[in-house]
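First, one chain by itself in structure tokens, the form predicted alone.
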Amino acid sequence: MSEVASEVIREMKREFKVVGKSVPRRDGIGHVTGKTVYVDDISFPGMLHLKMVRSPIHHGIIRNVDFSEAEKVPGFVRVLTHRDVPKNIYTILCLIGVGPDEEPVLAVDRVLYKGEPIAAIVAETEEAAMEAVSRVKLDLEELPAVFDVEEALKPDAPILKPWGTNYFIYEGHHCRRVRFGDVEKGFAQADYIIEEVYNTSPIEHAPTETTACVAKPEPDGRYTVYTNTQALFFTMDNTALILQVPFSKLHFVGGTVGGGFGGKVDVITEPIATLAAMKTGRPVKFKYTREEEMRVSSTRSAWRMYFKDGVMKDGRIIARKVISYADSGAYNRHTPYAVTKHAANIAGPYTIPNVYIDAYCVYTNRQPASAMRGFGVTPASFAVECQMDKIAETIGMDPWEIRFINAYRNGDMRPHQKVVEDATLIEVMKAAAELVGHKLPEHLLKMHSWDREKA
């Protein structure tokens, strides 16, 4: 490391209280000593337990649900169906202006994925609730299912959405589109055409504590909800909308998330647990088993990304076309929003004069996908950087140089019509090279992000 860089770091340590210093986590001592209180540690006298009756098939019509045997289980208290939910639709996207809302809280007449909740059983103990769930008799007519994004877009695929398509509609279009320059003209001028397809699989968040909440009626008529949600006010607002009650009637208490990474923003347990507390007048706990967490909680979306690049002999990328498919699973959750972010980032942090992007949000009969650590952007970054390495290998150029040559700089126009104002990519790459001991040639060291003409 250079003396200048070392002096900068020393100055940062003197000036800042956090940057460049080891700061103990506020909750670290509680975690390692076992004193942290998680949602599953919370209990109240007379507390009931809620478990879900879930679909055993991926796609089907609900003909009948028979609770008669479940009601005979000792400790059974009551059942909740879609008829009990005031607004039986998840509203997690309406608060950011994305619609339509299309996922029921409890299934009405059909199921779209294996594990979809059909009814909730409330009982005196967790064991009694699970036993009652096992005795519910489901009469389902199984329908053909689709599990691949491209298969779902074929004309003969089973249609999953009431609007008649297996894709989300963006302002009247079948996908989120980006058009910049003339990509076909760029391909015609290019010395190389480099194509590849990149796939990512669904990823389960696997939090330490599974998704859980406890809803407790209060003497003043309010309901206190203890939850490991990642987004406390977002969850409270959506619960109020689903239950059609004033926001002031709910008091949400967060704290230890128990691991989330994005998956605990979906507002899945809180509305139904609070409804059960309203119907019974008693505290109600609803927590996922580890199997439920793996099988029915939202995953990171699976993506399939087709790249076609036009590249010059000197390493400049002059055209990039990407067709990308996000597997939303059976419902929206946060995937339509993720696809918008994806489309804005799939060209990468590079200045390319001709760009064509079609990014699809596709519905399949898989469990719904949702937010996870830069959702939409992370798979884009993976694919882009793999493609940059492939370009470098194909034309015989150093992979560092290919990135410096194409790096965006202040004043450049991004494909989604935003002028770059705060680029530091070149500076970051130079610092990274120094940290790993990679010696860059002088002409790359002279580059910077502020003046392309003089770089």
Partner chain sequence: MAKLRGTGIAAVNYPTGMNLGGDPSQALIHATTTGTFVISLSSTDLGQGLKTVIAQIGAETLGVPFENVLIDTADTDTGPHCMGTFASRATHRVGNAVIMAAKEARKAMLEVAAEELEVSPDDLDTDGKGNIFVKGSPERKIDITSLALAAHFKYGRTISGRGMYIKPKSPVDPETGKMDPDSTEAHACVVAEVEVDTETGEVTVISLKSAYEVGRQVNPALVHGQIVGGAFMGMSHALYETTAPYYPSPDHAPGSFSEYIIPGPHELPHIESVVLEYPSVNGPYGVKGVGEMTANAPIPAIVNAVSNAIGVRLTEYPITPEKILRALEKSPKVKQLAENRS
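Source: prediction; values computed, not measured. Here the rigid core means the biggest group of C-alpha atoms that line up within 1.5 Å when the two forms are laid on top of each other. Positions refer to the first chain, counted from 1.
If you look for the form predicted in complex with its partner chain, you will not find it shown, but the lines that follow are about it.
Under a 4.5 angstroms non-hydrogen atom cutoff, its partner chain in the predicted complex has His173 among its neighbouring residues. Although the partner is absent here, Leu445 sits far enough away that none of its heavy atoms falls within 4.5 Å of its partner chain in the predicted complex. In the predicted complex, none of the heavy atoms of Ile193 sits within 4.5 Å of a heavy atom of its partner chain. Put simply, Lys418 is close to its partner chain in the predicted complex: some heavy atom of it is within 4.5 Å. Think of it this way: in the predicted complex, its partner chain has a heavy atom of just one of Ile42, Val65, Ile57, Met429 within 4.5 Å, and the residue is Met429. Among Pro349, Pro104, Pro353, Gly115, the residue placing a heavy atom within 4.5 Å of its partner chain in the predicted complex is Pro349. Heavy atoms within 4.5 Å of its partner chain in the predicted complex are found in exactly one of 182-190, 115-123, 312-320, 294-302, that being 294-302. For a residue to qualify, one of its non-hydrogen atoms must sit within 4.5 Å of its partner chain in the predicted complex; none of Ile29, Lys35 and Val108 qualifies. Within 4.5 angstroms of its partner chain in the predicted complex, the stretch 118-148 places a non-hydrogen atom from each of Phe147, Asp148, taken in sequence order. Core-superposed comparison between the shown form and the other one: the CA of Lys35 stays below a 2 Å shift. With the core held fixed, Arg63 shows a CA shift below 2 Å between the shown form and the other one.
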